[in-house]
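So this first bit is one chain, no partners, the form predicted alone, shown in structure tokens.
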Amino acid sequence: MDTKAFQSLDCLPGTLREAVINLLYRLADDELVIGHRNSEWTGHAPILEADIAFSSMAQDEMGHAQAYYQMLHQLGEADPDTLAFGRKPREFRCAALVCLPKGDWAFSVLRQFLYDAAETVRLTAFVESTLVPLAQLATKLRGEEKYHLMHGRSWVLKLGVGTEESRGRMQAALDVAYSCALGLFEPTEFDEPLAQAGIAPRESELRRQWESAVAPVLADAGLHVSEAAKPVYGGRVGRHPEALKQLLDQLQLVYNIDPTAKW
């Protein structure tokens, strides 16, 4: 395995450059969309503490998206604002999990836990990446994700062992969200070159680590993953639920009135 360190984005050869660009789009688009979904609870969460937490997490995720989009810009892609607000749904590379409507509180906290557990696994791996700028960014972002994961885990356990109604709502949320969460690890044609270069692990390995991390928490919450759960793929190649178009119509509304405007 070639474990040569790439000190800057400019050091990437052609094939790896394309692979890293694809990886960064997946990371950035997931963060942008989940950030927007979390922001939809601002002013609507069941208690003030949760309202503040979801608003803070939304701000963090959008900040992470900005950082990934900036790396893409350094690789020759459009500027971050254009990437976030100027693309069509089919051009996004986010997983189905982040696209789904916010649903009830049980669904949102369950999704947040599953997503941030995946982010924790991914960022932990990236800290050891041979792509130095990615490793440096992951080191910074992992500190924030630590608190996101603690928040999600707390709510999953609280609602899972709460009342009969709360447990039922959490199980219903898991039945929908788990298959979509598996889609966060959708294999791509770039898995092998990224793994061979030591830039990022294969998606199959990240999925294995994620499943090991979330299983005991779900079990402690009295929740059960259906044996029939199958990954929902397609997001990494631009196939998305209709909910993403509806979200982007809102997110991009002001920008599309006049993309040349200066604020």
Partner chain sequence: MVSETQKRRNRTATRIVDCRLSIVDCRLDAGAAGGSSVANRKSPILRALESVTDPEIPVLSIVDMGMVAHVRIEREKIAVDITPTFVGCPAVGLIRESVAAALAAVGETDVTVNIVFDPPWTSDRITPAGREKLREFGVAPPGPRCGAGQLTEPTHVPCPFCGSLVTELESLFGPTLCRSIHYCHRCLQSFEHFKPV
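Residue numbers count along the first chain shown, from 1. Just so it is clear, the structure is predicted and the values come from calculations on it, not from any experiment.
The form predicted in complex with its partner chain is left out here; the points below concern that form.
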Non-hydrogen atoms within 4.5 angstroms of its partner chain in the predicted complex: do 122, 130 and 202 all have one?
no
Answer yes if any heavy atom of residue 150 is within 4.5 Å of a heavy atom of its partner chain in the predicted complex; otherwise answer no.
yes
Does any part of residue 76 reach within 4.5 Å of its partner chain in the predicted complex? Heavy atoms only, please.
no
Residue-level question: is residue 217 within 4.5 Å of its partner chain in the predicted complex, judged on heavy atoms?
no
Please check if residue 49 has a heavy atom lying within 4.5 Å of any heavy atom of its partner chain in the predicted complex.
yes
114, 173, 141, 94 - the one with a heavy atom within 4.5 Å of its partner chain in the predicted complex
141
Among 53, 197, 232, 32, which has any heavy atom within 4.5 Å of its partner chain in the predicted complex?
53
Go through 64 to 72, 221 to 229, 23 to 31, 204 to 212 and give me the stretch that gets within 4.5 Å of its partner chain in the predicted complex, heavy atoms only.
64 to 72
Which residues in 112 to 137 have a heavy atom within 4.5 Å of its partner chain in the predicted complex?
136, 137
